[in-house]
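Given as structure tokens, the chain that follows is alone and in the form predicted alone.
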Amino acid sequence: MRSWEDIQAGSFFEANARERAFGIVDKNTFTELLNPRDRQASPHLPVLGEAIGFDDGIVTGVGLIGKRPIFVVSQEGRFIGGAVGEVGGAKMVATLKLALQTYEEVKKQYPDSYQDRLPAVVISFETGGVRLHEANAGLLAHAEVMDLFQDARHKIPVISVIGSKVGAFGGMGFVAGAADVVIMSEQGRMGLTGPEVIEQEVGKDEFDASNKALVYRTTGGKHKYILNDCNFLVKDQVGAFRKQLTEVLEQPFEQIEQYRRIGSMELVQEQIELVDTAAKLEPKDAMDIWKYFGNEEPAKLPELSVEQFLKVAKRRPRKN
């Protein structure tokens, strides 16, 4: 594997799951849990004649950012599209449970200074959702993760980072959006149904999945930033994600929770209002939404660098 410094300077989009996991925390602090030597592979794939992965396409572990334990889940899109099955889902769930256990231990051991030592969970999403080969186990994992997100409320922050090739789709798109904070790059994508599936179900005239510009305008980081589905937009560099993550964790936890998109009736109502807005506008393209929220020349936004975009982009107003 590349050095930590090389990973920091490199593309998040091109990095594999293990590089992202190592690079998101402080140098030489990451310990992988259930690494490939433990050979925890899916018991279902060989029965179906499929190749296995000794990490089941997901890297889990713990590192540090400053004094904070950072529990990392990093999905690998090169293995069955990052789809979640029994073993990968169990690793994800166990990591969240371990983070919550650590929270209790930190509070007990450092009653007067635990705020600076609070654990956090960081999930690097690269997945199309449930692994159809073992769908029931994958669906159960989705439900358990969402349940643990609720257990983490008012205790530890859960942060989604999205900037890899596959993006975050299917049920995992819901999971990613349910975190306290979402950090994306322009290349990151998030949604429920993937572009190819939309085209397959309703036709190319409705959504052309080969039109990459259209796909990114609809599911990409810039669009999600304008809609406030993504809290922070960063350039495509592991170090840029790490820097933004560090800055978020320096904020009071009460402020971090204000970034959430779901979790209260007020936030549900906010999402309903957004759906009502879309129904009234009947937009033909994401640029129609961008203009509605105050971007007078929306066609220019896709061509701007991240730095230029952040200076001029107008976002959907939020109530909190």
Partner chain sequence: MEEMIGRGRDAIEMIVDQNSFQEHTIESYSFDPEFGPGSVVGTATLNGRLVTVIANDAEAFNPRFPVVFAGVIGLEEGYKMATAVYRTIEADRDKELSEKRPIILIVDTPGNGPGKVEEIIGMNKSTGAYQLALAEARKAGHPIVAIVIGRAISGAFLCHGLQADHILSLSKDFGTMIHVMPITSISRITKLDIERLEELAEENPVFAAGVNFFYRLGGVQEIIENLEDMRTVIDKHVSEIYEIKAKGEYEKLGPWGRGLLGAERGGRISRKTVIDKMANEFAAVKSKYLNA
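Computed from a predicted model, the values in this text were never measured in an experiment. Numbering follows the first chain given and starts at 1.
The protein also exists as the form predicted in complex with its partner chain; that form is not presented, and the subsequent description refers to it.
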Partner proximity in the predicted bound form: T218 to its partner chain, non-hydrogen atom cutoff 4.5 Å:
yes
Is there a heavy atom of E201 no more than 4.5 Å from a heavy atom of its partner chain in the predicted bound form?
yes
Should Y114 be classed as touching its partner chain in the predicted bound form when contacts are defined as heavy atoms within 4.5 Å?
no
Should Q258 be classed as touching its partner chain in the predicted bound form when contacts are defined as heavy atoms within 4.5 Å?
no
Thinking of V166, Q237 and R242 as the candidate spot, does its partner chain come within 4.5 Å of a heavy atom on all of them in the predicted bound form?
no
Let me know which residues along 80-94 have a heavy atom within 4.5 Å of its partner chain in the predicted bound form, or say none if there are none.
E86, V87, A90, K91, V93, A94
